[in-house]
Each structure stands twice: as C-alpha cells, then as structure tokens.
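Next up: a single chain in structure tokens, the form predicted on its own.
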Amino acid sequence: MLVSLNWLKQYVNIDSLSPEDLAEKITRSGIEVDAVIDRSQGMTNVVVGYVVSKEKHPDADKLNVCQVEVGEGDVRQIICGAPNVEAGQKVIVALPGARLPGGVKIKKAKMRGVESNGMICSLQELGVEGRTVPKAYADGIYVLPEDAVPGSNALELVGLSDIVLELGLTPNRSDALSMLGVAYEVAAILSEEVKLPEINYATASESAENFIKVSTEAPELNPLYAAKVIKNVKIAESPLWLQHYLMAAGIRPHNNVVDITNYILMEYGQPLHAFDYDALKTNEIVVRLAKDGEKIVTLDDQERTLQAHNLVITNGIEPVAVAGVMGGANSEVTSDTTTVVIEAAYFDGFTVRRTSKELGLRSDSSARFEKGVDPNRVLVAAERAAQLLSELAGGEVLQGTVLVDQLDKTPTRVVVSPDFINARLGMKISLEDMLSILHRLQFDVEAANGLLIIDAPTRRQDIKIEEDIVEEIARLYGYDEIPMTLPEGAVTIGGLTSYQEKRRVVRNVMEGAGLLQAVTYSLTSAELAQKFALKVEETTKLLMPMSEERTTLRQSLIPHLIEAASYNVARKADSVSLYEVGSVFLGQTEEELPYEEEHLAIVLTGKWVDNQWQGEKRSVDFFVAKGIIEALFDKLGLTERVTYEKGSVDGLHPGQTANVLLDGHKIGIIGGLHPAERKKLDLKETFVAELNLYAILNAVTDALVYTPVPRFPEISRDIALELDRLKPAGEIESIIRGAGTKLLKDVKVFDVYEGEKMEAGKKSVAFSLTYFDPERTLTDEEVTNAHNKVLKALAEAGAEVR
C-alpha cells in the first residue's frame, strides 16, 4: 500500500511530525513501513513553461526548436524531440542547473549546432513510473492545464512535492488498504480526529429506479448490490490533483469516470465499477453464477472462459463483468459515454479469490474483496462516487439508489476482562489507559461488571476474539513498554538425546560416503504409497488432496528417491547418490492418527568411482550399497548383530535383493531396481536400500571399549567349500562363526567360482578365517584344533571341502 502524505493530510492532522518520525511510529504500532519515498527526489529548478513557438530543427528531422517562456517574459530556446510538443502548450521545463533523478544535471548545450537552454520534460524523466503515466503522455512530454502559471514550481503542480509511505501490510490488516483506513490508524497513534469527506450533491428530478433494475440470484455470494445512475456525464481528463493522487498510489489515470472509481477504491477501500448505461442495452442488472463454458471479454481485451462456480454481473442475457475481479469490454465507459451506472457491491471473498486465481487475473478490486471490505462503507462509497461525478464530470445524479440488501452489518462484539489482557501481556495497564486506547481506535466500548464490552467497527474485520483486543492494547500502548523479565525456575542444561546423537551419526556416515541429502514429499499416490514398504499397514488418505499424485501418506521413502534420481538423470546428471532420513506413516494410533516411524533410504545410480586421470571407472553395484549400510552399522556398533538373507520385494531384482536383520528381526532391505522398473524411468543399473531407523537407533548397544593395537601376530586359514548353487554363503558363514572358538576373530568370503570344473548345480565358495589371541602368540597346534572344529561342523552341515 502506497500512502501519499499530501493525500493523508486531507483526513488527519500529521503536521506535527516529520515523515520519518511518522513512519517510525506506524512501524512501532504494528504496520511496517517498508520505505519513505520522496517523490521530488531532490529535484530543483523545475518550472512551468509556455511554448511560444515551435520550428523544425534545421539539421534533425525529429528535433524541434522551441521558444519557451519560463516566467515574467523570460523566453528560453529549448531543443525538444518529443513527438507531441506544440506551440501554445504549458509544459514542464528543467532549467540549466536543474538536477533530475538518476544524477542527470541540466546544462546549456548545443544540439546539431543549435543552442538549447534547458529541457522540456516527460513525467518519466521526473522519476514517475511509466506504468502510472497517462497513456496520452506515455511516449512524450506531459502537457499541463491551461491555467498553469509560467515560472511557477512545476513539482508542486504535478504532485511531486510529496512524500509516500510504502506500507508492508499483513493479510489481516485489510482495513489499511485504504486512505481512510490508514487515517484511522494514524489518528489512533497520534490521538487525533479523523476528518471524513463531506458528501452532498444536487439530484435530478428523475428516479434511478425508472432506469435500472437490480436482482441477485446468488444472495449468499452477493448479499448487497447497489446501483446509482448519473446522466449527462462529460468524459474528459481528471483534474491534476486527482491524477497525481492516483499516480502516487501506483494507479494510471484514464478518464474522469474511471479515475473517480479508482480514487474511491483507494480512499474507502471499496471497489466500484462504472458501466456505460447505453451499452447495457436491457436496463437490467442480474447477478448470477456463470454457465459452464460461458465466455466474456474483459477490459484487458482477453477472452476468458468461465466455470459454473464463477460469479458474474449480467444484463440479464450475457455477462458484463466478472464479479469483484474485472469489468467486461462490452459495457466499458468510452469517450462517447453519457450515462453511467455505478456499481457498489459486497462479494464473497472466497468466490472472488477462486475466480481470480482460475482466470489468472488479479486486480486491486479482487485483492480487497479477497481480504474483506467494510460492509458499512459500500453505500457510502457509492454516494461519494455520485458526488465526484457531479463535481468533476458534470453529471446529473438521479434520485435514489437501486438496491438489493441482505447483508448483515452488525459489528463483532468481544467481551474481555482487563485482568485477562494484563495476564497475557505480563504487565499492569490501567483500565483508564485501556479505555483511552480503545476510544482512540474508535471502538465502541463499555466497562461494566469488571469487563470491557467492545463492538469492533466493521472496517476492522480482523477483530474477532479476546486475543485480538490484547494485541490492539499492546501495540498502541507500545511494545517497547512491555517489561523485560527473566524466566523463573531451575536452570536446565540442554542437549541432544541419544536418539538425536545417533541420527547425526547416520547423516555423517551417509555424507562421508558421498551421498547428498534429499527431502521429498510425505504425500504420494495410492499406487506408490506401499511400494517397497518394509511393513504394509493401513494407509492414511487426505480428505482434500492437492492432486491425484498427493493423496496418501507414504509407507516407504524409496519411490520418491527413485523419482528424484530419474529427474536428475534426465537432466544429464548421470551419477546420482542420494539419501533421505524421514518418516513413514503406518496404520493408526489410538488417537486415530497415523503412526510415524523414521526410516533411512538411499538410491545409487551411475558411477561410484570415476578417476579419469587414472583411467579408473566403476559403476555402482549391490555391494557398494551393502558396503554403505555395513559402514553405518559399524559406526553404530551393531555389526555383529546384523545379518543378511536373500529377499524378495516387488520392483526389485530377484537375484539382487537382501533383507537386513537386526537380532534376527527384519529391519531393512537392499536391492537392485528391477529392469522393468528401470526402463519405465529411463535409468541405468540402480540400487536402493531402506532401513527402519527407529528400530536401529533405539537398539541398546554396549559401551564403546577401546582395545590396544595388537602386539601378537594373526594366523589365517583358507577353506574352499563345494556347495549347492542356491545355498547362501551367509548360512555357511554363520556355521563357521558358531563352531569357531574364541580364537576365531574374523571370517570373510574372498572367492566364488561356478566354472566348468564344477558339477552342474554346484558352486565353490572360499572363506578366509583369521585366528588371534591378544595376550600371546598362538601355536600351530592351537590353531589346528580350533580349525578342525570348524571343519567338523561344516561336514555335518553337508558342506564339502574341496
């Protein structure tokens, strides 16, 4: 919201403060002033000039040599290239020595050999935004009214001797989207009175009811619609003061009728619309819901297709405006308009917002209807418009207002005790101070039986509950007056829980392995919700989802990580390594809420090693993914309690999938993406894993014990075993570990062979066994005895030593 202080002075006395001090007080009261803008920008020596004559430049087709009087008979020769400069005009002249925005300094100069003593200015050259300059002067100089006095200060005449405050409004303060709303706020801050516009005008003998009829078929969406009729309107430019107030507010002037509706929009915060009465054709206005697929060409000359829930203004046959958003081109006020119908209405904010969003059409009107307008200003705004049309457009206002009114204008009543206010603020504000603040805000208030009974004015639609009154008292009393206090009670030392510390370890391990953290949606489609899930439970669905792809809470992190990998690969990132720590949602708790369980998931695709300077490249495989998971368990001290077994998961490769078990219970999966799944997403070999992080991080582990560097040698024994081809090596490893004495410290698979020298259906698996005693050097006999026990156990299990 842009607030011209020259305009604001019409309603409240602010002369006692500098603009900077006023901005500071407004900010401290709760509405932030983002900027204090000096529209003059330090310009000097800018005066009104009269173009006495104009001749073509002898050496330039697009330049004119003008003789310009700049006051008291002082005529200057000025070269001007504007296409619209003519003799007899009053114009803006920057004299030599003048400084213009952008650091431009005006000097005497020669242009193609002809002397120029100044510059005839456009508004843009004076720092006015091009989008607010009237279209007639957008590509040339600005022409002043005939009564402008040569030599006088042009900045004052065009409204640039002004300060503008830019307010950063929050959505709840829609009351400050008008000059009067800001005036009420400033008056409360400064303990001043608000001077409302005086509305009076003469009316014609004819009645508006004889010219127009109004009805609404959707009273719940449009409970109030008022129409006033003004005849014999003369379309022309608005007076300078009106144009420059609009430009200061960021609005481009058009003509007196349109400018008056925009002026009242900014003055009262009430959107109005002007129809060309003759263009309506039917002498009737009907407010209804649009027909599905119905079309209208709006004032921006765009054809728009409407839906059945859009509210429109019609002439009883076809739409002539989109309610609360924009008028139609078929009823636009033009230079030929003589009779105008002024619309003042109250439209449902949700409907306006929905229509505005669907049509991609946001306007100053829609912004105000969305946030809520004052129901008690609708009719007043229509009367103010009639007054200005009578004064500035020579219109004859017909008697009466054609009206449909089912709008409840009752103010909101809030009852609150002073003790409640003081308890919430932690301070002692007297009842007298509270009453003073509420009176300054012009709230109707009565103190009775220890309570404040407050009727909030309808312009303040953000006042609904007791806490709103607390806020009003606090901000006007002064937030900086609230006393500072220290918290009471025993001082506690904060810190991370064991679970939180371990979660950080998980992230460190993943990032140390080269994976990047991803954060994906918790919502997914019903089809993907249970895909790759470690546990399949009842799903939780949204009642009003954003889209079909976001209907259900996920039960696995893998699907969205795979989507993220596919997205990056499609954009030439051929190697992707991602991890995510997030919640999955399983079944329901006793409170009928989904039970959340934290999981870890990873996805790997592309190259794992790519050392081009060494010519070394290696793609990711199953064992890279498994190695990352093993590194995590090693860091958490769970390696000896974790085992792996062959698994089967829909969507994963049947020969490259393993279940991860902690103390014999399944807590995760590792696997390669099935070729059919890869093809759908245009991925190369891709490997994923998901772990139940909640179970892992809550597992009780022994305290960390450090052991000294061994002083005695290890002894290794290798065994090659002939096994059934489908026999998991992990089972054999478990047998070896179980049979080994305390001297057996490590078991590793170092070779698998399934060549032509093996029987059909058989394979050879070679294990390396490490024996070690930290207290002494082992003898061959001790190692042999321990190793024989292992061989015996393997023979009993049917594993044949090659």
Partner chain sequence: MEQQLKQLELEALAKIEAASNLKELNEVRVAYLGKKGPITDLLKGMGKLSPEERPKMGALVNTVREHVTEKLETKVAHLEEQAVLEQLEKEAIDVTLPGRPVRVGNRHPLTRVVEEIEDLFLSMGYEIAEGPEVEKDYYNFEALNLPKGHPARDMQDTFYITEETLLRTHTSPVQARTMIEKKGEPFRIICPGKVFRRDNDDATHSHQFMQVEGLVVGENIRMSDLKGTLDIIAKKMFGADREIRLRPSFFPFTEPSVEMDISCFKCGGSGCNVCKHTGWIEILGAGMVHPNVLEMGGYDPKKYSGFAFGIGAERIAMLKYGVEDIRHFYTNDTRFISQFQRTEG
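Whichever C-alpha set is largest while still superposing within 1.5 Å between the two forms counts as the rigid core. Everything quoted here is computed from the prediction, not taken from an experiment. Numbering follows the first chain given and starts at 1.
Another form, the form predicted in complex with the partner chain, is not on view; read the next lines as being about it.
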Name the stretch: of 788-796, 21-29, 8-16, 774-782, exactly one has residues whose heavy atoms fall within 4.5 Å of the partner chain in the predicted bound form.
21-29
Quick one: 241, 309 and 335 and the partner chain in the predicted bound form, is every residue within 4.5 Å by at least one heavy atom?
no
The partner chain contact in the predicted bound form: residue 581, any heavy atom under 4.5 Å:
yes
Would residue 594 sit within 4.5 Å of the partner chain in the predicted bound form, counting heavy atoms only?
yes
Spell out, yes or no, whether the shortest heavy atom distance between residue 170 and the partner chain in the predicted bound form is within 4.5 Å.
yes
4.5 Å heavy atom contact, residue 458 to the partner chain in the predicted bound form
no
Interface check vs the partner chain in the predicted bound form: of 132, 298, 216, 520, the one with a heavy atom inside 4.5 Å is 520
Only one of 110, 571, 711, 665 has a non-hydrogen atom within 4.5 angstroms of the partner chain in the predicted bound form; which is it?
571
Any residue of 543-570 with a heavy atom within 4.5 Å of the partner chain in the predicted bound form counts; write them all down in order.
543, 544, 545, 546, 550, 553, 554, 564, 567, 568
After a rigid core superposition, would you say the CA of residue 559 moves by 2 angstroms or more between this form and the one not shown, or not?
yes
Please determine whether the C-alpha atom of residue 492 is displaced by 2 Å or more between this form and the one not shown following superposition on the rigid core.
yes
Using a rigid core superposition, assess whether residue 519 undergoes a CA shift of 2 Å or more between this form and the one not shown.
yes
Closer or farther: how do the CA atoms of residue 467 and residue 489 lie in the predicted bound form, compared with the form shown, if the change is at least 3 Å?
closer
Using the form shown as baseline, tell whether residue 548 and residue 307 are closer or farther in Cα-Cα distance in the predicted bound form, where the change reaches 3 Å or more.
farther
